[in-house]
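Starting off, we have a lone chain in the form predicted on its own, written out as structure tokens.
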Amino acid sequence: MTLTSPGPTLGVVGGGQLGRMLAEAAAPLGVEVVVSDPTPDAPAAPVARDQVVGDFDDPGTVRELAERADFLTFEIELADPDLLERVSEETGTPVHPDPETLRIIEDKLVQKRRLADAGVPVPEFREVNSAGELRAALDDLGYPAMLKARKGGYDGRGNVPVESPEDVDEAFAEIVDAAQGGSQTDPSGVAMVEEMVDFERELAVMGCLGSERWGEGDEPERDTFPVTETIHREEILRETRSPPEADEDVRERARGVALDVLDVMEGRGVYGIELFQGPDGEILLNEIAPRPHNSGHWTIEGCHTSQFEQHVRAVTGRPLGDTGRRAPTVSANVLGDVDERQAATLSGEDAVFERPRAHLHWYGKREVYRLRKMGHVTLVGESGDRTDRLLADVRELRDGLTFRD
């Protein structure tokens, strides 16, 4: 592949913070980025070459994006796989990951069935199409359990814990309201329930699938980033630490499960693979994202190649980069701390800038509301540093940031 100016163009369906960071990573590679997003002047717009304004599933918008790009990808699961496939065929613009992968992943029930059939360890789960079916499933799985929207849930939206039989009716009504495509009059096809996993910690692995050109034989090149521990509250990712507290053999099992997941996926790119570690070291798959993921943001400063550069490399057919960790690294999400939606003005950032090896990432969102992801802070240690000490430090830096007047 040769470099020219202007270089190849990557079209990204979605112009949020992931699109923004993809554009930041693409520029040094000589790749220009055009995003599509329904929100004018989306977070990615200031750093991308251009934005096409339109819905994620609008045929005209996606076609215009494909016609302007040499490669297509997506940073949000609300992209329509049928539309992506059709536009790719009609324009000749390849899309990665493959739309078939998006079909598998966008529906959590389909995802779990496909992975279970492939031998990937997953929690026990059931399809539920009514409150009555949920009650019957829980007679088998037991209480508590996690009720999930099959489509459309993220950052805790679309996940409802069911603690007792008395919670069933209210929980099912809540999940139908949160699910994509559901209604109270016809709730079929929108929900699933999983056993509540008694996990010791949550882990994540960013998996990478590249081109067959750089792989062995007819197999695509593949790799993983170092295993990361993820810390959630209210079903929202708050902090990450890499390396995790988990023993080396647990990390190897986690990496092995991630590689098994990649065997099921089709198409180039980075995949966010979320895992549970049980008390006995058992690894169970939680969920997959067919794109860069919040649990991999630490790689921007913490690894030789970031997850965003890796995704651009993979989608455009370049060799994958070195996924090695530079040093122990932690990150903390900056979330909205206000009760009412308002213009986003952050204060307290000087302490982050003054701290050596600390890095602030601002997502450029114009409005803030409670628990909205507005940015993140990464703190890179030195060889041999303990991540628990780094985690305490990055939390202090993050907690000094506020959107309050």
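Numbering starts at 1 and runs along the sequence shown. Just so it is clear, the structure is predicted and the values come from calculations on it, not from any experiment.
What comes next is about the form predicted together with another copy of the chain, which is not displayed.
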Counting heavy atoms only and using a 4.5 Å cut-off, do Thr345, Ala358 and His361 all touch another copy of the chain in the predicted bound form?
yes
Which listed residue (Asp337, Glu64, Asp57, Glu349) meets the criterion of a heavy atom within 4.5 Å of another copy of the chain in the predicted bound form?
Glu349
If you check Pro319, Gly256, Gly152, Gly281 against another copy of the chain in the predicted bound form, which one has a heavy atom within 4.5 Å?
Pro319
So in the predicted bound form, does Asp41 come within 4.5 Å of another copy of the chain, heavy atom to heavy atom?
yes
Contact test in the predicted bound form: Arg268 vs another copy of the chain, heavy atoms, 4.5 Å
no
Taking heavy atoms only, is Tyr143 within 4.5 angstroms of another copy of the chain in the predicted bound form?
no
With heavy atoms only and a cut-off of 4.5 Å, decide whether Glu301 touches another copy of the chain in the predicted bound form.
yes
Have a look at 231-239, 192-200, 310-318, 72-80 and name the one stretch with heavy atoms inside 4.5 Å of another copy of the chain in the predicted bound form.
310-318
Residue by residue through 40-56, which ones have a non-hydrogen atom no more than 4.5 angstroms from another copy of the chain in the predicted bound form?
Asp41, Pro46, Val47, Ala48, Arg49
